[in-house]
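Look below for two forms of one protein chain, each set out as structure tokens: first structure 1, then structure 2.
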Structure 1
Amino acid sequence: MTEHEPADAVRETAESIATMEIRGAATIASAAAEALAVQASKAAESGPTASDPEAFRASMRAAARTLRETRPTAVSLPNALRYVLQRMEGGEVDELRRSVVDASEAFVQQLDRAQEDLGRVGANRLADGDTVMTHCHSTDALACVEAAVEQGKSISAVVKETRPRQQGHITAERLRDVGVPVTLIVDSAARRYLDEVDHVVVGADSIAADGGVINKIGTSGLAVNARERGVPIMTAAQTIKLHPETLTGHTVEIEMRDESEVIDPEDRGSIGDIAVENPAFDVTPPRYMDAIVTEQGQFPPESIVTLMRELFGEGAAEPWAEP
């Protein structure tokens, strides 16, 4: 490995993330952190990076950039890089190497238990006999219900099918697997069934510094209806979903998906000249969300910024950038 050149493991990990062989927020974050640990060990073995602390730091930044560029709109990936690189400390190469490896190991260990810890926190908000309403498919949200069931609580669920891709069907199957009685409803029936619900539980694609929740389209409307009906709603999300760029006013990009998910091309042609839009996400303002549940505990939406700064630093720090 020449000076500043990423190790083979870094390039392989980057390729796997870019081709979506590695997917899922937690899996991507874990792989990125582990790749940085490999880079640190390789850089400390030989060449200029083994004896020059500045060359070592430069090689780590270059490796992080290689990883970062694979999924520019991801949230968990840069968070993993921030967590590890911001804890790179020392005056000698061996000290720098050790700090990177230790930070990577700590991050991965935290990720390994994050969903289980989050589930226990969320389960404490659910009471025996509660009925929950879900939207889309979130393993973090499911973890809260599953933990409540493991605690011996009787929980039932009203599951929104979540068009256009009907991810609610996955949620329904998972809940039935753990013995939860499920009622599947069409999205437009949500307000009617809120009168029969004790809690709404959703996940998040990412969470902004002001506590705004970016999640599957339809979450915001559900949250407004839940507030009007007096039904508490919580977001279950691991801290890797926090969006540090929003500390400096970064606007969250809402992905527009292919119109074929909404309407068959043949049907579209028979209707005539129409526009079709298919936004993947919407933003729920913090005033409509009762709590954000993470592996670090539960937080009022407006205070999530404190946890964000503690974990990932001030502002949209980019420790992989050249100074």
Structure 2
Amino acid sequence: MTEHEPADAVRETAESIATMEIRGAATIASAAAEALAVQASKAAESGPTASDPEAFRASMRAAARTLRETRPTAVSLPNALRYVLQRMEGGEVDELRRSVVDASEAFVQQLDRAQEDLGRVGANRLADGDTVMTHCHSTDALACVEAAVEQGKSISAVVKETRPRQQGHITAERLRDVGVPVTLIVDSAARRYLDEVDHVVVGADSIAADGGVINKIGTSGLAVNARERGVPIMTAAQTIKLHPETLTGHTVEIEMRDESEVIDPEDRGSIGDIAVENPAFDVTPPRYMDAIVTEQGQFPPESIVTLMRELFGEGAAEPWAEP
């Protein structure tokens, strides 16, 4: 195996992330970490990467770049790659392999634990009898509702379908499966139903140093409406969603997806010369978000920078870059 040929499993994972078969920031992060472990095992098996530590390292960097290039917005993806590659160490291929496999396992375990911990923090904000409104499908947001249900609270949900990919349907099914009564609505009905809900709970793909929440398109409009109706809105986001590059003034790239997700290619001809745009995410300014719930407790969005600096220092390394 050469440095420019990531294992098939890495290419398959990258393809699944790009096509959204694997989706949602936390799930993308664990799939990426696991793909690096597979790459390490394959690279240690045969070819120059099996005998030359530098070729092995180069193949790991190339695999990380392949994964990094799939989708630009969820920072949990580069944070996962960074976590694993920064722990790659050893003078021999076998040591390098082991360090990558161990780091990948530790990362995935940490992710699961963090989600459980943040679920309990978020659940404390929910009271028995509350109705929550959700947007998209976020495993972190769901963890809060599930933990509240486990605490014996009776929770019901109004679930936005979330055009164009309708991830709300996944949320509706997950909530139904844990016994939460669900009402599914179209996105444009959200303001009408806000009068019937006690909390809005959303996830995040990235959180900027100023506390801005980058999440599925439509989150910012929902947040503005929730504020106007006096309904508290929280973001459930593990700390791997904190975007270290925003500490140095970078902005988060918003993914633009194909127009075929918005309009059926068969109908495209009939609408003629009309531009169709499909941004996948938007930014909710911190003043419209009541709390960011993490595994380390809840924070007002404006104070998240303190936690970010503690965890990431002043910036972000790119260990996948060629030296």
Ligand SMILES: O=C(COP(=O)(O)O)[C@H](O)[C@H](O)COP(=O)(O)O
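Reference numbering: structure 1, starting with residue 1. Rigid core here is just the name for the largest C-alpha set that superposes within 1.5 Å across the two forms. The model shown is predicted, which means the values in this text are computed figures rather than measured ones.
Correct structure when looking for the form predicted in complex with the ligand: Structure 2 is the matching one, since it is the form predicted in complex with the ligand.
Did Glu34 shift 2 Å or more between the two structures, C-alpha, core superposed: The answer is yes; the displacement is at least 2 Å.
Thr306 C-alpha moves between the two structures by 2 Å or more, core aligned: No; that C-alpha moves by less than 2 Å between the two structures.
CA of Arg97, rigid core aligned, shift of 2 Å or more between the two structures: Yes, Arg97 moves 2 Å or more.
Shift in Å of the C-alpha at Asp112 between the two structures after core superposition: Rounded to one decimal, the shift is 3.5 Å.
Rigid-core-fitted C-alpha displacement of Ala25 between the two structures (angstrom): For Ala25, the C-alpha ends up 4.6 Å from its position in the other form.
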